[in-house]
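The data below hold one chain only, encoded as structure tokens and taken in the form predicted alone.
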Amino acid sequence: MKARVHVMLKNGVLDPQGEAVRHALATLGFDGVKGVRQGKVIELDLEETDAEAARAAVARMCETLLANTVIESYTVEIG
């Protein structure tokens, strides 16, 4: 079973990488971009066959290692 985790900085947390991308886009002539938030996508190939068990396991992985839940939020897709 495949799982995809999207990790993003929480609202209100400064995103210097996103700001650097926004500035670079403006430099390249893309003036209409008002803000950029940069995150990461983690894809997992799991042995688990039960979707709910897989979702619970991935949530534990996120809480333990994959996301810094103090400043990041995450979503999990199972499929």
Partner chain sequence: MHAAVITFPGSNCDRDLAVAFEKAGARVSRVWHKDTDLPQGVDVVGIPGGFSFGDYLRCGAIAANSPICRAVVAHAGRGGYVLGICNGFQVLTETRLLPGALMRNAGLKFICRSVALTVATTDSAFTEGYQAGQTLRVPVAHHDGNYTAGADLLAQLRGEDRIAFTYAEPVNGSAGDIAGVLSENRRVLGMMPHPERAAEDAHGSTDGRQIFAGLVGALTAA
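Predicted, not measured: the structure shown is a model, and the values here were computed from it. Residue numbers count along the first chain shown, from 1.
In what follows, reference is made to the form predicted in complex with the partner chain, a form of this protein that is not presented.
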Given that the partner is absent here, does residue 58 sit within 4.5 Å of the partner chain in the model of the complex, heavy atoms only?
no
May I ask you to state whether residue 65 is within 4.5 Å of the partner chain in the model of the complex, using heavy atom distances?
yes
Would residue 24 count as a contact of the partner chain in the model of the complex, using a 4.5 angstroms cut-off between non-hydrogen atoms?
no
So in the model of the complex, does residue 36 come within 4.5 Å of the partner chain, heavy atom to heavy atom?
no
Can you list, in sequence order, the residues from 37-76 that come within 4.5 Å of the partner chain in the model of the complex, counting heavy atoms only?
40, 42, 64, 65, 66, 67, 68, 69, 70, 71, 72
